[in-house]
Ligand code: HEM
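First, one chain by itself: the form predicted alone, in structure tokens.
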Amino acid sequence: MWNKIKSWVEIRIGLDDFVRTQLKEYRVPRNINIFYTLGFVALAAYLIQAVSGFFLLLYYVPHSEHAFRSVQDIMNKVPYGWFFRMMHVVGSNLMVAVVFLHMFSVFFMGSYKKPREMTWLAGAFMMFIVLTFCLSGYLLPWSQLSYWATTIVTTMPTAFPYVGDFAAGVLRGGEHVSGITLNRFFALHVALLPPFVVSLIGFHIFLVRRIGISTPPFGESGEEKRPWTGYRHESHLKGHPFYPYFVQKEMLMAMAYFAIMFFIIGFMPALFLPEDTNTPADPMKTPAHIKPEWYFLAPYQMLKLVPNKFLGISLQMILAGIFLIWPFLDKKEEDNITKRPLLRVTFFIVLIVWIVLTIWGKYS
């Protein structure tokens, strides 16, 4: 029976030819390392978010009077509801960590350089969309923490004259965070952002496959470097086959991701669910200490250090813009960051400052 099904599929789409050309004969660099698997791990993380989010949608009620109770029912009454919600909560934080590590490794490996500028842009936009996913999803449980954190975030555009109040009003649907804000964030989270990120994922994978995986600048690659004067596919003829060599590395890293996720769910369930997440939103009672999630702590602390809110937000927007267009600013042909002392020092200074601001924002 199985052979008949396989033969039927083979006649119509040429599955064997596809596996041979796209997996077994597709080559990766000889000195490729596990950091090149982080893109696949990020994709696996997004799929987990999509699947767990679908099951949560079956019971979640996007209404200010019922949202908090529906989330509590998912955690306490729905069979295995707690498991899917914990996968969604823990997975969102781990996905951000994986995306950050992926962008850091791409920068450190010099994989953003010509001809991969569009690949970097697609990845950077996906990172911003992932952060927007987290920001929009943060309000949906309608808890004290999510309500007041969203209040602070939606106040930030008001630092800009003329357009700031309008932008804040569009986000909130009024002067204050309300049920309308919840509906807008819900629509953004489940209807608008998913097709955008899926389109970018497809475009990103297309670029990686079309151009070929970049050669790591460290160690013996066995490949002769040639200047990019026109389009060509970097085929890595002396490299390893994508399948099974590199697929095994990707599966190993994906299993490590799941192991970390389930370890946190099993032994540290309150890591990403502090006390205020179990208190319903109360617009009349402001908590003493409201802080964003860890991935927003560095920008949050930077805003606290800069006395002028307009200046602080403008500075962050400039830094985000530089990050986005960096491949077009870095014109040097050298890929190996160890041979570029100024760039290497700058990279580690920025990384250390980001870590310090994150820790400072956590405990200040």
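Here the structure is a predicted model, which is why all the values come from computation and not from measurement. Each residue number is its position in the shown sequence, starting from 1.
The protein also exists as the form predicted in complex with protoporphyrin IX containing FE (HEM); that form is not presented, and the subsequent description refers to it.
Considering F160, Y112, Y138, F186, which brings a non-hydrogen atom within 4.5 Å of protoporphyrin IX containing FE (HEM) in the predicted bound form?
Of F160, Y112, Y138, F186, the residue with a heavy atom within 4.5 Å of protoporphyrin IX containing FE (HEM) in the predicted bound form is Y112.
Using a 4.5 Å cut on heavy atoms, which of L297, L43, I337, L303 is close to protoporphyrin IX containing FE (HEM) in the predicted bound form?
Contact check passes for L43.
Closest heavy atom of H88 to protoporphyrin IX containing FE (HEM) in the predicted bound form, within 4.5 Å or not?
Judged by the heavy-atom cut-off of 4.5 Å, H88 is well away from protoporphyrin IX containing FE (HEM) in the predicted bound form.
L38 versus protoporphyrin IX containing FE (HEM), in the predicted bound form: is there a non-hydrogen atom within 4.5 Å?
L38 belongs to the contact set for protoporphyrin IX containing FE (HEM).
Can you tell me if G164 lies within 4.5 angstroms of protoporphyrin IX containing FE (HEM) in the predicted bound form, counting non-hydrogen atoms only?
G164 lies outside the contact set for protoporphyrin IX containing FE (HEM).
Give a yes or no for F328: in the predicted bound form, does one of its heavy atoms lie within 4.5 Å of a heavy atom belonging to protoporphyrin IX containing FE (HEM)?
Residue-level check for F328: no, no contact with protoporphyrin IX containing FE (HEM).
Three residues, L315, V353 and L357; all within 4.5 Å of protoporphyrin IX containing FE (HEM) in the predicted bound form via heavy atoms?
Answer is no for this spot.
Given the stretches 126-134, 288-296, 254-262, 143-151, which is the single one in contact with protoporphyrin IX containing FE (HEM) in the predicted bound form, using a heavy atom cutoff of 4.5 Å?
Checking each option against the 4.5 Å cut-off leaves 126-134.
Going through 101-121, which residues have a heavy atom within 4.5 Å of protoporphyrin IX containing FE (HEM) in the predicted bound form? Please give them in sequence order.
Residues within 4.5 Å: H102, M103, V106, S111, Y112, R116, T119, W120.
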